[in-house]
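Single chain ahead, written as structure tokens, the form predicted on its own.
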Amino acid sequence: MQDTKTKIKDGITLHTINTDKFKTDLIAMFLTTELSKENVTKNALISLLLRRGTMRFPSQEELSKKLEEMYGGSFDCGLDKIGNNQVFKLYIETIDDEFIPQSTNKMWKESLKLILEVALNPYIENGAFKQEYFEQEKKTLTQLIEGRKDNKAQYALNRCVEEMYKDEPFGIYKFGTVEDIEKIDNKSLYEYYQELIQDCKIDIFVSGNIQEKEIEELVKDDENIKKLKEREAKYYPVKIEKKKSDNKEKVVEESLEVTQGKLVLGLNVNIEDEDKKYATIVYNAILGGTPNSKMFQNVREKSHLAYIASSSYMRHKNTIFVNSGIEISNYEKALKIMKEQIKDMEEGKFTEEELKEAKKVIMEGAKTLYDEQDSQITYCFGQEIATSNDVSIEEYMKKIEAISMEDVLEIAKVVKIDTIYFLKN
């Protein structure tokens, strides 16, 4: 898999992944901008409005009809938080031209035109988003924010992130606040959107059995691209960095109507060397990233203190989160055993067999990237916004395979608990 990059304009990059492995073509577009309290809610509202229609297809019904004409193409639009960035994500997937009548217009061409229009030419009335859509999506966003507590496990993780990064952009909830929704008016939101598309980092991905030169020409000649200026994109390149910390464990408890407690530990990984992240990936797998991990086996299987016990490594912030669902009365016992697993890792109490198993699981996960177009694009985009040099999937696997017991122990010695978050009733 090769991500071929072409600069369309300063701050705007076309990525092509030429492959005949799939029966579909996948077009993706990412608009990356700095995460800030001032704009987070505006961005969330814009992400909802973009899916409502374009100047050529001024409603969701007409967009859907166009996709149906494209042999049942699918469209999706969402918002993500990556490091200190907020990222608009748009996708269109259609059947590859090889599998449709040759008299038909090329599907990748139709998809590319459509995704550029959705992102860059939304439906506007009287110099603003359509008022009806604007009011409806304000209600949708309000419900989305108010409903964040419905998924208790995700809510607990988000709250731990917010407490751990209270004074940093990463601590901002990606959909903003209900209070800020009420402060937004339609005209100023559209004016902000116009500034956004002239300042953000834009990445366009095309994956499939494609002609790269044709795609480059289409993008450069597209009227929506032509109206964009060259820019020094306003975003935060993702890099390994130490989190400012006083090395004191912060304990946060919150009460909601829950039948099961949610205990989340936020761990700092105090390294700055980019190459150390591969050892951290393996460390996380041994600690809680696999069914044979220390957290799963000792907190859940042996002690029966948790319904779930796992960990995840957020590479873009160099942080590990340990997640568990427990009986509320087992809080002290579960926390004690979780801390013991972290301490055991620090003292080198893990085996070559655990190292081998962890690397095996990671490698199997990496190999699946070859089988999923969206995962390939996600991987390439992660490389694009990182400050480190591009690392292919093959190179990534070689770096994982090279990790030794000593490498993992080096990481284990600098991992510290920053925040303990407990959601109870």
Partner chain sequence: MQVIENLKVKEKLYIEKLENGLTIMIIPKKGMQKKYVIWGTKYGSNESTFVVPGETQSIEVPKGVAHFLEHKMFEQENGVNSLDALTSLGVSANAYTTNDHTAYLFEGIDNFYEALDELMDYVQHPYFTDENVEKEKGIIGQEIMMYDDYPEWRVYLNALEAMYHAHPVKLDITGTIETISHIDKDVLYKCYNTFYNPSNMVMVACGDFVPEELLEEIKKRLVKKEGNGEIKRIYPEEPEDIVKEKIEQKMQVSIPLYTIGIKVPPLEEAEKVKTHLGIEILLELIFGKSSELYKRLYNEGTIYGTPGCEFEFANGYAHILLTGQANEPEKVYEEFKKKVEELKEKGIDINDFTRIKNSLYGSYVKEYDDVSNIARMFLSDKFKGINSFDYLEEIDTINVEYVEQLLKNVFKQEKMVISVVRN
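Please read all numbers here as calculations on a predicted model, not as lab measurements. Residue numbers count along the first chain shown, from 1.
The following text describes the form predicted together with the partner chain, which does not appear among the structures shown.
The closest non-hydrogen atom of D222 lies beyond 4.5 Å of the partner chain in the predicted bound form. With a 4.5 Å cutoff on heavy atoms, L305 counts as touching the partner chain in the predicted bound form. Within this chain, S74 lines the site of the partner chain in the predicted bound form, having a heavy atom no more than 4.5 Å away. Taking non-hydrogen atoms only, T33 never approaches the partner chain to within 4.5 angstroms in the predicted bound form. Of the candidate stretches 189-197, 148-156, 172-180, 229-237, only 148-156 contains residues with a heavy atom within 4.5 Å of the partner chain in the predicted bound form. A single residue from the set R315, R300, K89, K294 has any heavy atom within 4.5 angstroms of the partner chain in the predicted bound form; that residue is R300.
In terms of contact with the partner chain in the predicted bound form, the residue from I95, I124, V252, I184 that brings a heavy atom within 4.5 Å is I95. Proximity to the partner chain in the predicted bound form holds for none of A119, E168 and T351, with the criterion being a heavy atom within 4.5 Å. Annotation for 111-144: interface residues with the partner chain in the predicted bound form are E132, Q136, E137, K139, T140, Q143 [heavy atom within 4.5 Å].
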